[in-house]
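The form predicted on its own is given below as one chain in structure tokens.
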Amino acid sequence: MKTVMGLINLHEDGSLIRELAEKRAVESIPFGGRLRIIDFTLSGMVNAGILNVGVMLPDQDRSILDHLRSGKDWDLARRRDGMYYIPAVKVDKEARSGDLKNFYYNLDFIEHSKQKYVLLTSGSFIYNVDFNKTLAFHHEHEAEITLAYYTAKEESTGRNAVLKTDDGGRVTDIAEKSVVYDGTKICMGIYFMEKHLFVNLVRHAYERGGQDFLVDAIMRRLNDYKICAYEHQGYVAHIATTGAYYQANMDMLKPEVWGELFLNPQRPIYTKAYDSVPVQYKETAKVKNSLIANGCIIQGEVENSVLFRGVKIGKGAKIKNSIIMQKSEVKEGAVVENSICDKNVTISEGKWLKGAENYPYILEKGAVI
């Protein structure tokens, strides 16, 4: 994999998760008690041995830069190669949207890299992928472009790229659908190809008025190249909607999902390191089937929930089926159920906050109830 350069595209459409992504990139949303969504993709590249990683920054890049910093926590703070930040194009004479213009105006960085291949990924997926298997599949099938996909196990909504393949694994059709059903093959936003081919695809599409890499560079040239699809059979969640974010966090409470994502010694998930004290469970605390991060102080009841660093749960408070982000406080006698509380939220004494089981209530950052 030393012949592969990684590109992480952080231009996810956040319109369906705007309550959490209004002031931050989707990929920098806190997840699972102590992580950010981008950690999964970035860790996968590092675990595969990729030493040159370019991060295609979104328009709102402060939270991403604060989290990744020099790349030291992923062993990417290097003299040669390492992590590079590729800025978003702020001014475009043609006022085109989409991610294609950001690739086009940064092709010099890609062309000057010494690696032969490009691994382009989205940063908004939760998975633990072995990218070495993607490379092996690419060579075994003598593909020009390899896409990774997973098979949906239930109905879901969001922007999904649906694949159709023949018996040999070659992609015969790609379509974007807002609703998918059980058994559908869904693209994971992972594309593997030689560098010169990637450069040619971007130039050809952008100079002919294209805006979106998938639509204009891949879908419209489906018959021009041998495009094959590699199936990832493990856990996958695409954080494209608020419902998907909530469900993926709840999935972390399942031992089999947690074990697949975090207990593989060959493919650990890295994140920004913090130094904080252990959780304090007071005499009145009752905790069941929950993830509790360092620095929390628990005096009340917590069930089927995810609590991030520094959360305080007061005496007599009850938290159920909820996500409470960093440094939030639920005071005495308050009840929070089926809800998502962003960072620094305060729930006052005796207040009740309840959402529906399939439609969580969301409190924005810094809110006081």
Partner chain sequence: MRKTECLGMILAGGQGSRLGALTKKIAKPAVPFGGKYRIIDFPLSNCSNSGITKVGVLTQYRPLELHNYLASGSSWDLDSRDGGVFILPPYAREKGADWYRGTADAIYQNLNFIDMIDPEYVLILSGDHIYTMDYSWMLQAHKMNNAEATIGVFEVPWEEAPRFGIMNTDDTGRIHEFEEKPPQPKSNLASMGIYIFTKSFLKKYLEDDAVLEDSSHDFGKDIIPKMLNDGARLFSYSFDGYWKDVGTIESLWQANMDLLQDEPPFELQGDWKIYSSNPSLPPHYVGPEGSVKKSMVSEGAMILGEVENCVIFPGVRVGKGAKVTNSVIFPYTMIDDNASIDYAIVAHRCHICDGAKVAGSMGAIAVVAEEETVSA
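Residue numbers count along the first chain shown, from 1. Bear in mind the structure is a predicted one, so any value in this text is a computation, not a measurement.
Below: the form predicted together with its partner chain, not depicted.
- Contact with its partner chain, judged by heavy atoms within 4.5 Å in the predicted bound form, is confined among 285-293, 145-153, 205-213, 99-107 to 285-293.
- Although the partner is absent from this view, W258 contacts its partner chain in the predicted bound form, with a non-hydrogen atom inside 4.5 angstroms.
- Contact check for Q280: a non-hydrogen atom falls within 4.5 Å of its partner chain in the predicted bound form.
- Although the partner is absent here, Y181 lies well away from its partner chain in the predicted bound form, with no heavy atom inside 4.5 Å.
- Mapping the unseen interface onto this chain, R34 counts among the residues with a heavy atom inside 4.5 Å of its partner chain in the predicted bound form.
- None of N200, T172, S276, T157 but one reaches within 4.5 angstroms of its partner chain in the predicted bound form through a heavy atom, and that residue is S276.
- The single contact residue among K226, K72, K164, H196, judged by any heavy atom lying within 4.5 Å of its partner chain in the predicted bound form, is K72.
- No residue in the set L57, L76 and M188 has a non-hydrogen atom no more than 4.5 Å from its partner chain in the predicted bound form.
- In the predicted bound form, I297 is the single residue of 296-322 with at least one heavy atom within 4.5 Å of its partner chain.
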